[in-house]
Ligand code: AMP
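Below, in structure tokens: the form predicted on its own, a single chain.
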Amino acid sequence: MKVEEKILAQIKKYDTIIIHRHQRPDPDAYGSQCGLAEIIRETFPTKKVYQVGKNVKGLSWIATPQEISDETYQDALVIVTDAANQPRVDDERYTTGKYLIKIDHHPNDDPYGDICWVDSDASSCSEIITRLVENSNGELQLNAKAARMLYAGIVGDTGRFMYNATTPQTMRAAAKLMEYDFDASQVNRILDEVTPEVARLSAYVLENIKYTPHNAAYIVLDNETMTQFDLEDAGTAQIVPLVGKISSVVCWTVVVQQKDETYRLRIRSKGPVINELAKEYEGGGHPLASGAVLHSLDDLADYLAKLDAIAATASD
């Protein structure tokens, strides 16, 4: 039995289904989680389907999470989308259901769940959810609302189809979703828009970015700087691709101080693999897009030396 068939069998089996995604969500986390929830609601109207996790104001145009009681998890199917490892799952109650399924597209370093479906070649988890529908022999039903969510997830994780995770299958999935009645151009515009605060931060980043000898770029955004621009960590997501637009940059890191005084590393690359470096700093992710943590800026020099050594391989 194919993994899609196994997942569909469990969806059919349970009357209550709760869907989680990763902390600090992006459009793909919201799109895959809430898109799957909407697909199940459309297909099985009598089932109780919930999407949970912290609400992120900037993504409320895609969907909004729901608050549920602990008792709801009793005899429930729990599905986690777009969360590579268990510490990243938003809402720790994901383990308290009756059955657990993981659906993801990151490297499978933490294969949790009773069913674990991971395709690291997929552009996004939203692409995988679209495939789940396509491979259900018509049993799972898409609607325009779900298609819009999944399309937002695909476009978000591929950087509007500019990243090399985009494949012919990705484009076919996006085209399939665009057949439904929603404004794809509007989704593209929303994902491309920035707030005035982010616009000002973008100017600051371009003015203050620093480089290692082999063109690894980096910038440190401490709490004082973020307060100056009236932004929190979530507001830095849109400036990460900005650094990569500089033609000389090989790989880069946006270092953002957190409220607990640690530093979040948003690491990206145009070619050299950086996820193994991320693992050295309590992180991980895709070969060209990862995240990690520094507990102190005292460790930044060592981290940058390693990042520079990776950047140096681009010319080998």
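These numbers were taken from a predicted model, which means no experiment stands behind them. Numbers follow the displayed sequence, beginning with 1.
Omitted here: the form predicted together with the named molecule. The next part is about that form.
Checklist line | the named molecule in the predicted bound form: contacting segment from 50 to 58, 37 to 45, 283 to 291, 66 to 74, heavy atom within 4.5 Å | finding: This holds for exactly one stretch, 283 to 291.
Checklist line | is_contact(R264, the named molecule) in the predicted bound form, heavy atom dist at most 4.5 Å | finding: The answer is yes: R264 has a heavy atom within 4.5 Å of the named molecule.
Next item on the list: May I ask you to state whether H106 is within 4.5 Å of the named molecule in the predicted bound form, using heavy atom distances?
Entry: Contact check for H106: yes, within 4.5 Å of the named molecule in the predicted bound form.
Next item on the list: Answer for K145 alone: is it within 4.5 Å of the named molecule in the predicted bound form, judged on heavy atom distances?
Entry: No, K145 stays farther than 4.5 Å from the named molecule in the predicted bound form.
Margin query: Just checking whether T212 would be counted as a contact of the named molecule in the predicted bound form - the rule being heavy atoms within 4.5 angstroms.
Written below: Contact with the named molecule, no.
Next item on the list: Name the single residue among Q238, S136, N85, T96 that comes within 4.5 Å of the named molecule in the predicted bound form, judging by heavy atoms.
Entry: It is N85 that has a heavy atom within 4.5 Å of the partner.
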